[in-house]
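There is one chain below, alone, in structure tokens, taken in the form predicted alone.
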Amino acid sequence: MSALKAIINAHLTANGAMTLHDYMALALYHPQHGYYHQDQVIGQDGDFITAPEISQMFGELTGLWLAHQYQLQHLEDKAILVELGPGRGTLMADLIRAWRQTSLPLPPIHLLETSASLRAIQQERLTDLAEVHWHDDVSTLPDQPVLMIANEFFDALAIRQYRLFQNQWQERGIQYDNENNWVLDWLDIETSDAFPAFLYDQAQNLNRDKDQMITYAPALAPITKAICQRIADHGGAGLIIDYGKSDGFGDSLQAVMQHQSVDPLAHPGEADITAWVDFSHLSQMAEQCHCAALGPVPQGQFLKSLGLLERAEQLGKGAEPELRRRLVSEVDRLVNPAQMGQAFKVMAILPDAYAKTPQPGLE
């Protein structure tokens, strides 16, 4: 038995159950045994692959989108570039390279990263390219204009799931079955503890005749509000790219290990556990800070509007057939609705003053 399984077993033995949220928090972020403290989680040799690892064009185009905001808002030398969950630094490296093709000065880089092993990889990859600062929490970011990108960050936040069953609120949790195995089950809770106030509107629309649930990531609000408050106060923009939808209904809990779907309870600390992002929650946090939230739009639509097809054609011009075939494959994975093009969404957060200014990819 792994050390993390032993920790979870001890909790279950002592308390009889634990919430799904607490299980995910341990499985992903335990300081010694959590999944995101492993050395190799991203890429072909890891458990999953992200858009920046698929193609350099993803980082180039999103970097130019942020550079456009820098120019549009006349941020000059005041802004910082921020990435939430920068992984192996691939996205930021491509972003920096594209930014340097413009005439704009490159802002200082600030990375939100809690994994020591990933910080080491980022440092090796990025410190020769730019001035880089690391943060454990968004609250320590400087109070100045923020140009932020978060790609596949919010899906990894621990979630709570609720349902209304026979007029009783329940929260999804982990407990033992009759054979002493871990199972996902529903735990009775008091109505007043069911969920935050902003979810009540969604709760009113629950179909009580069906086994509907609401999914909510508690950490999403403070992270988003910290970024949005800086954008509202000082200017800048946030670009959020993740798989998700426009409400918190339904069950999208999933786990991946070595690029294959697995039971979320089978390999705590060894598998990536995620859930689809509720973009309506992101939008509400932005509005509370007097920011505008544009989108979400499908990733495929966004990237094609920014010139993905033209960039691929440019890279492939005069190239060997193998490179041209690879570029076609990269484009397909990024924009095909059956791949990442539809499930992944893009939302931009901007100061209210720019809410009606046409924005590339989000018109």
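Just count from 1 along the sequence shown to find any residue number. Small disclaimer: the values here were computed from a predicted structure and weren't measured.
FYI, the form predicted in complex with S-adenosyl-L-homocysteine (SAH) isn't displayed, but the following is about it.
Note on contacts: among 270, 152, 171, 94, the single residue with a heavy atom within 4.5 Å of S-adenosyl-L-homocysteine (SAH) in the predicted bound form is 152. Taking a 4.5 Å heavy atom cutoff to S-adenosyl-L-homocysteine (SAH) in the predicted bound form, the contact residue among 248, 87, 107, 236 is 87. Taken together, the three residues 279, 299 and 347 lack any non-hydrogen atom within 4.5 angstroms of S-adenosyl-L-homocysteine (SAH) in the predicted bound form. Of the candidate stretches 226-234, 155-163, 284-292, 175-183, only 155-163 has residues whose heavy atoms lie within 4.5 Å of S-adenosyl-L-homocysteine (SAH) in the predicted bound form.
At a distance threshold of 4.5 angstroms between non-hydrogen atoms, residue 144 is out of contact with S-adenosyl-L-homocysteine (SAH) in the predicted bound form. Mapping the unseen interface onto this chain, residue 115 counts among the residues with a heavy atom inside 4.5 Å of S-adenosyl-L-homocysteine (SAH) in the predicted bound form. Of the heavy atoms in residue 69, none are within 4.5 Å of S-adenosyl-L-homocysteine (SAH) in the predicted bound form. With a 4.5 Å cutoff on heavy atoms, residue 55 does not count as touching S-adenosyl-L-homocysteine (SAH) in the predicted bound form; it lies far away.
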